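To begin, one chain is listed below as structure tokens, in the form predicted on its own.
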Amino acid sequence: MSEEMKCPATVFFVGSGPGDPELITVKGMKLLKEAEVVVYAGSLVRERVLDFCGNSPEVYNSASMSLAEIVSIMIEAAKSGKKVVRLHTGDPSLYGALREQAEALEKEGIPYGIVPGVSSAFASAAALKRELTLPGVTQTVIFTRLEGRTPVPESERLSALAAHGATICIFLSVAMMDEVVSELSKGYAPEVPVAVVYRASWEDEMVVKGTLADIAAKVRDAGITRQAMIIVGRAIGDGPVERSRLYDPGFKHGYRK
């Protein structure tokens, strides 16, 4: 018998996706239907996602809670034999403070599972109708953020990452757009394409496109100061595209001779 089956309850960390309630995974939706306690990040998670709940669970908005308060609710509920869903925005593995919550559960011997979600980076790429990687352009995508209250290692400053010429998805930084541009300008040319996607997949989604030279002014004009993804790199531009070898008729593989 597995450890999960032996335990009277399990906590599940579930990625709710970038905003559109229908972008939660089927597994995440099923867990919400079964949940008896739900703790959700109310500052970012759409309340409409809670419509998937099926057992009239106890619902807690963690927006104003400390780590200790959040963990206390989950531990108490799990020890009482209740199934708990901790609902994160996007995917829990990105800027989700997941590990510190998981370690607290581990100390109490409470087993937990993690259900991945759709990141706002991918919802933003969908809004742009662009791939983040392109043959002959880049095969690398970097997820990062500008330093704010959370420090960033010196080797991971935007100026250093820009030197790779890869596609960069910049989280949690649009409020410091001028600084973002200043750092990126140390590695990218002024004409490199940049897009800012505000609230990707929400009803009021907004896409602002430009170049490194003019994107800061365009973002100011649009009034975007939060909840936006910044994507920079030649892969999201409008230039000619080198075709993938995968579908080339001369490319042989296990399914095509």
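Residue numbers here begin at 1 and follow the sequence given. Quick caveat: nothing in here was measured; it's all calculated off a predicted structure.
Note that the form predicted in complex with a small molecule isn't included here; everything after this is about it.
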The small molecule contact at L172 in the model of the complex, heavy atom, 4.5 Å:
yes
So in the model of the complex, is the small molecule close enough to L94 to count as touching (4.5 Å, heavy atoms)?
yes
Proximity of G233 to the small molecule in the model of the complex, heavy atoms at 4.5 Å:
no
Spell out, yes or no, whether the shortest heavy atom distance between T89 and the small molecule in the model of the complex is within 4.5 Å.
yes
In the model of the complex, the one of V194, V39, A228, A35 near the small molecule [non-hydrogen atom within 4.5 angstroms]
A228
If contact means any heavy atom within 4.5 Å, which of 112 to 120, 77 to 85, 176 to 184, 160 to 168 contacts the small molecule in the model of the complex?
112 to 120
